[in-house]
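Presented as structure tokens, the chain that follows is alone, the form predicted on its own.
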Amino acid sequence: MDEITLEAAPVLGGANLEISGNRIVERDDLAIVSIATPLDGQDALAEALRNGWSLDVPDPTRSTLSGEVRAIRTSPDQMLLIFPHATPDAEATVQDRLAGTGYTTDQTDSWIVLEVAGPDTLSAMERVCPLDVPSFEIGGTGRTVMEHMGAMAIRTGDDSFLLLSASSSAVSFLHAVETSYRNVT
């Protein structure tokens, strides 16, 4: 019997679109790990984040960034850690650095991450996202619905965002974002 080797593939096939000077890129190089705070464990977790990644616990609707590692607050006692990671052991890597100060779950395969950037990004975002994205400071975040799909937006620059949505609706999500750009250019 022949041996079968499985190889991970990007959900959207490595989508990389250019629309009138704007970019939509599937970021399949990012790992996503959720971190929940144990009861009365806020201080220990905050110290572990500082020691492990030089990150502060983000305030609500904010993210913190150290190098390429970003922490995003998702609820009072939970955050997502997003960072480049090529192998399927992201959760174990995070847990090693946290040394038991937080509960972790690998979320990498649950989300699709699109990086959007360009001169028409704010206009495109306003068409598809009900949040007041122009008012986001860099590092600002928001959970919302985009074209009936749950999503999260993180402002990473003046004209750039990371957009997260469920991987199960990745094709529809990309279509909604792409259509919004095409409608404003």
Partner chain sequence: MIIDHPLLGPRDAAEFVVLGDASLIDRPDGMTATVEEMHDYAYLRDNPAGDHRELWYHEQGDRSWLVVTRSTLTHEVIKVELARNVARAQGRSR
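Keep in mind it's a predicted model, so treat the numbers as computed, not measured. Numbering follows the first chain given and starts at 1.
One more form of this protein should be noted, the form predicted in complex with the partner chain, which is absent from this view; the next part is about it.
Trainee: Pick from 113 to 121, 63 to 71, 145 to 153, 45 to 53: which stretch has non-hydrogen atoms within 4.5 Å of the partner chain in the predicted bound form?
Mentor: Residues of 145 to 153 come within 4.5 Å of the partner.
Trainee: Report whether the minimum heavy atom distance between residue 131 and the partner chain in the predicted bound form is within 4.5 Å.
Mentor: Yes.
Trainee: Just give me the residues of 68 to 104, first to last, that have a heavy atom within 4.5 Å of the partner chain in the predicted bound form.
Mentor: Stretch hits, in order: 74, 75, 76, 77.
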